[in-house]
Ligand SMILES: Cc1cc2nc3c(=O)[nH]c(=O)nc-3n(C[C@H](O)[C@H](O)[C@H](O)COP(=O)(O)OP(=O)(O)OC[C@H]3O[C@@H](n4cnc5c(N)ncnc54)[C@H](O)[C@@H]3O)c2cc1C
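The chain below stands alone, shown as C-alpha cells; this is the form predicted on its own.
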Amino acid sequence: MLNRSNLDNFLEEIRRISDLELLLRPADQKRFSRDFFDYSPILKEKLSDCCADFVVKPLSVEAVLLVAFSCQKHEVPLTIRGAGTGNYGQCVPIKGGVVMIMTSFTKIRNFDSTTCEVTVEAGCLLGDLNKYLLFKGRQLRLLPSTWRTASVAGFIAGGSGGIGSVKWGFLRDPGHLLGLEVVTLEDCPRKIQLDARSSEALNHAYGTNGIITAVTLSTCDAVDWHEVAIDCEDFHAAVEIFQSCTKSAVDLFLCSLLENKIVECLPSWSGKSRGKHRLLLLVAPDGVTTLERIANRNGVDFCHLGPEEKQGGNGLRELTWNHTTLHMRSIDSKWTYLQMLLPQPEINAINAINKKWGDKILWHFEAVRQQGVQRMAALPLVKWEGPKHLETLMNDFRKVGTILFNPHVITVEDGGLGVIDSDQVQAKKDYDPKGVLNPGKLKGWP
C-alpha cells in the first residue's frame, strides 16, 4: 500500500510541472490502467482491480524528466503506457502509483537517406510511421497485427514479432533495434542515448528498466505485397502446403494457417469458409504464380486477391497473429489462446496433441524465421475450462518438445523463455535503482 503522505506530496509537486497534463477522473484512471489482458481469464482475475492513483501525459521530454525525478524521490511506482494494445498486462500498474501516457511524442525526427534508418518518438503509431516510410520507398520490417494503432515504443517494450517474422525473424534479433533515447530513474534522472548493443536490455522488458522516449529502427525496401488465400479440405495437406510455401524461393511477408472452424468465425468480408482450412499469405508480385503452382500441384483452391493496398482497412493482416484471437473472442469470450514454437518435425507434435485433445484445440499457425531457419509458431485457441485444464494442456505441449511463451503470466521472464536475463536486471540496477518502474513485472528484480 502506497504511503498517503508520499502521494499527497508527489501530487503537489507534479502539479507545478508545465507541459504535463494531469488526469484525475476515476474513469481516466481506470481506462488507462488497462490493456487487452482480458484475453487471458487468469490475468483478468489478477489485474482487473489494478488501478493507477494518478495518470499523467507529458508533452515534452523535460516533463518526463521531472515526473521521473518526483517518482523516484517519493518512491511512487511509475508505469509507462503507449496505445495500450498489449495482451499481457504490460502497462497495468499492479502496485498503483502513476501511469504515464506517451502518446504526445509522435514526431519522426530523422530519416537517414544513406542507411535508411529512421528515428522516431516513442508514441508515434506504427501505421503512421509505415505510411511515412512508404513515401521514401521503404517500410517497417516487423509489425504486430495491431499495427494501425500500436505505438513504436510499445511494440519495442512489449512485442516480439508478428507480420514480417516469416522473413525478418523477431524484434530481439540483432539488426532491428538500432538505438534508443531513454530517461532514467536515478536520483538525478538523465536523458541518455543507447546504441544497438546497450538497447538490447530494454527490448521486450515491459518498460521496467528505462523510459523510452525515442527509437531508431532499420527499415527495408517497400514491396507491393499481394494477398493470396489457399483453401484445403485436408488438414495435413494444409500443413504441408504451408511448409512448402515458406521453403520456396518467393518473397513472403506473411504466411498464416487457420483451421476451418476458425475460418467460419472470421468477419464476412474475409470470404466464405466453405468448411475448408485456409492459408493467408502476403507475397511479392513475382511470387504469386509460384504459390499458384504449389496449390495446383496439391489440388487445392487458390485465390489471388490482388494488391494489398486495394483492400483498404480490411486486409489479411487483420485476420492473423492475435487478431485471430480477437475475432474468435468477439463471438465467444470463453476462447483464450497459447503461444509457442513447435518442435521439428512439427507434424509429429501436432498429431500427438490432436490424439489427446481433438477438437478442443483449434489450430492457428504463423510462419517465422528463427535463427535463419523457417519454423512454425502456433497460437492455438482453446475454450476456458479453468486453470487446471489450461495447465494440463500446457504440460502436454511441453512433453512433445514445444517452447511455450505463456500469455497468462505478468512477468517478462515467465512470458518468454522462462529464464532471467541478467542484462535486463543490470539495466534496471543502473537506470532504476529504487525499482520504481513498472514494479512486479521483472522476475529477476528482488
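Everything numeric in this text was worked out from a predicted model, so none of it was measured. Just count from 1 along the sequence shown to find any residue number.
In what follows, reference is made to the form predicted together with the ligand, a form of this protein that is not presented.
Using a 4.5 Å heavy atom cut-off, state whether N203 contacts the ligand in the predicted complex. No, no contact at 4.5 Å.
Using a 4.5 angstroms cut-off on non-hydrogen atoms, would Q90 count as touching the ligand in the predicted complex? Residue-level check for Q90: yes, a contact with the ligand.
Partner proximity in the predicted complex: A122 to the ligand, non-hydrogen atom cutoff 4.5 Å: Output for A122 is yes: heavy atoms within 4.5 Å of the ligand.
Even though the ligand is not shown here, does H323 get within 4.5 Å of it in the predicted complex, heavy atoms only? Heavy-atom contact with the ligand at 4.5 Å: present for H323.
Is the ligand in the predicted complex near all of F36, I80 and S145, within 4.5 Å of a heavy atom of each? Answer is yes for this spot.
Would you mind picking the one in C71, A238, L291, M102 that has a heavy atom within 4.5 Å of the ligand in the predicted complex? In short, M102.
The single option of I212, L129, L319, V283 touching the ligand in the predicted complex, heavy atom within 4.5 Å: Of the listed residues, the single hit is I212.
Spot the stretch among 293-301, 220-228, 256-264, 161-169 with residues whose non-hydrogen atoms come within 4.5 Å of the ligand in the predicted complex. Answer to the contact question: 161-169.
If you apply a 4.5 angstroms heavy atom cut-off, which residues in 147-167 are near the ligand in the predicted complex? Heavy-atom contacts within 4.5 Å come from A150, S151, A153, G154, F155, A157, G158, G159, S160, G161, G162.
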